[in-house]
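Next up: a single chain in structure tokens, the form predicted on its own.
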């Protein structure tokens, strides 16, 4: 069972006092890897007996980790962090209920959900701890070896939300950014499947053209490069239109590696369509189209 599944299952069982303990642990973790029990009692203003009771409940729910050495200390795990973000969304009337899982990846869990108006939304939990420190640092310029997984995941969510706001307002085909708290994003509904999952695409040329138009729009209008684009983060919806997802690694046009990353994005997409759909699509011409200096060549 994933951390998000645990959080979704136990969240409604949590009492205000449980959430208060989670919040105190979260705050104190900025200075303590494991927060002493006495400190938790002090800042919650609970008795030691009440603190023990709450910590026992949270441990049973698998929302915290316990360390016993020179002192007894506690830290949040991802499920505990998830619950704090869920609570913030519920209080803000952004989120009402969870549905099914839409996907579990190396770096995120995504859930179907409903807002208080019973409209479908998507909730994305960032999970950077599933890949190695070295790989995370190599792929993401905003992480260092001195930041914990929870903090890194929050940075990823903040960066992705920023990217979505930038490109969405310029009409790029992405999920609508609704809200962000800690390491979690709430977005418009995501329906469909990754390009890589389709055995056949009825009109591959039409789909490729739409992808290239959206890469161009992001670059020319929003001055943004996705920087990690492939067939695994382009969603093909039931109506055969696309959504481009997973933007936490985006860079602006001014980034020193922007051209290199843009070239890689375009080549990844073209390679997929050449391999899977036997389409002739040269990099140079289509890169010129995306940057506004030439015509699409498909």
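Since we're looking at a predicted model, the values are computed, not measured. Residue numbers count along the first chain shown, from 1.
Keep in mind that the form predicted together with a small molecule is missing from the display, and what follows is about it.
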inquiry  = The chain here is shown without the small molecule. Which stretch in 202-210, 120-128, 68-76, 81-89 comes within 4.5 angstroms of it in the model of the complex, by heavy atom distance?
reply    = 120-128
task = Find out whether any non-hydrogen atom of residue 175 is located within 4.5 angstroms of the small molecule in the model of the complex, and reply yes or no.
result = yes
request  = Flag residue 194 as yes or no: does it have a non-hydrogen atom within 4.5 angstroms of any non-hydrogen atom of the small molecule in the model of the complex?
outcome  = yes
task = Look up in the model of the complex whether residue 235 has a non-hydrogen atom within 4.5 angstroms of the small molecule, and give yes or no.
result = yes
task = Although the small molecule is absent from this view, report whether residue 100 comes within 4.5 Å of it in the model of the complex, heavy atoms only.
result = no
key: Candidate from 245, 29, 41, 64 lying within 4.5 Å of the small molecule in the model of the complex - any heavy atom   = 245
inquiry  = Please identify the residue among 113, 222, 187, 150 with any heavy atom within 4.5 Å of the small molecule in the model of the complex.
reply    = 187
